[in-house]
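What follows is a single chain, given as structure tokens, in the form predicted alone.
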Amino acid sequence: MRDLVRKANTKRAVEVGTSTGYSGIWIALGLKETGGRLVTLEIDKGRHDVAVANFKAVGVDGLIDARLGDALAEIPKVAGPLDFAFIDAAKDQYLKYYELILPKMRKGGAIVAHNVKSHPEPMRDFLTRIRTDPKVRTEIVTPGQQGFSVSWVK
């Protein structure tokens, strides 16, 4: 994650699905090198609170705007252009997240989605779209069993 953030020269990033902050920390460590900031969105208050504490404990809280709320309502409020997006939330909503994020992305930016190998069924519409969308070039990478899609915006 950190390497992708650096490769995309990320200044503005969004994460859909903060959970306890693990991915957000890696994104923020990359942003520390690029001078960027992360907006991360989590619907569950318990997870949000744990993530905020974890961001502070690691010392990256100053780089992160951690928002509590439904990503479908919050993504439209995130200012673009974005350089990097990470999707790891409700699998059956991936296509909706993608459609809200894509217009905010700059050319050369990356949209990364988690669990594309381990949970393909609920995101079949999303997987079809990223493989056929002429606005992106997508590759599937498997550094672990879950798999990631990386869609580079053309």
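Numbers follow the displayed sequence, beginning with 1. Everything quoted here is computed from the prediction, not taken from an experiment.
One more form of this protein should be noted, the form predicted together with a small molecule, which is absent from this view; the next part is about it.
The small molecule in the predicted bound form: contacting segment from 58-66, 29-37, 92-100, 123-131, heavy atom within 4.5 Å: Single hit among the candidates: 92-100.
The small molecule contact at residue 41 in the predicted bound form, heavy atom, 4.5 Å: Contact check for residue 41: yes, within 4.5 Å of the small molecule in the predicted bound form.
The small molecule contact at residue 106 in the predicted bound form, heavy atom, 4.5 Å: Close contact is absent here: in the predicted bound form, residue 106 is far from the small molecule, nothing within 4.5 Å, heavy atoms only.
Close approach of residue 47 to the small molecule in the predicted bound form, 4.5 Å, heavy atom: Residue 47 belongs to the contact set for the small molecule.
Residue contact check: residue 23 to the small molecule in the predicted bound form, 4.5 Å heavy atom: Within the cut-off, so yes.
Output flag, 84, 136 and 149 jointly within 4.5 Å of the small molecule in the predicted bound form, heavy atom basis: Spot residues vs the small molecule: no contact at all.
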